[in-house]
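Single chain ahead, written as structure tokens, the form predicted on its own.
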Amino acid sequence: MDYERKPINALKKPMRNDYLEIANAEGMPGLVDSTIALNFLLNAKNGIRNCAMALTEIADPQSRTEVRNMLNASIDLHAQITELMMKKGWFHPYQVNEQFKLDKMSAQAALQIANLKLFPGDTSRLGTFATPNY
């Protein structure tokens, strides 16, 4: 597979509290994509662990075979997700300094998002949630 390699989108400027303007969402698609991929990777890892634990509890040979097949499929899925994230520049398991930079950027973005005023007092913009003026 040929993936486009581009690093996680860093927020180039501080987020504005004016989230209603689409121009202020710059950088968010890359952050969202990498976050979804990381969540998928962690869930695949959790599935691997659960299958491995289940194998130690199962006595029936047919059931063990099925769970072993699920375990192998989960390991393959984890490898594919890891490969995708590495090719996209979202995960650097062999370069600790690069991974640290990504983690720091993600933490800064999370702090900026947490500080946004998500429910402003004035939402009376023209074209945004148009409501009749009574």
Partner chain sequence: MVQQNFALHETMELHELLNFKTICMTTSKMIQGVVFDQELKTLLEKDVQQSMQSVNVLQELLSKTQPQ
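All figures in this text were calculated on a predicted structure; none of them were measured in a lab. Numbering follows the first chain given and starts at 1.
Although not depicted, the form predicted together with its partner chain is the subject of the following passage.
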Q: Find out whether any non-hydrogen atom of Q62 is located within 4.5 angstroms of its partner chain in the predicted complex, and reply yes or no.
A: yes
Q. Given that the partner is absent here, does D103 sit within 4.5 Å of its partner chain in the predicted complex, heavy atoms only?
A. no
Q) Applying a 4.5 Å heavy atom distance criterion, does V96 contact its partner chain in the predicted complex? A) no
Q | H92, heavy atom within 4.5 angstroms of its partner chain in the predicted complex | A | no
Q. Can you tell me which residues in 56-94 come within 4.5 angstroms of its partner chain in the predicted complex, by heavy atoms?
A. E57, I58, A59, D60, Q62, S63, E66, V67, M70, A73, S74, L77, Q80, I81, L84, K87, K88, W90
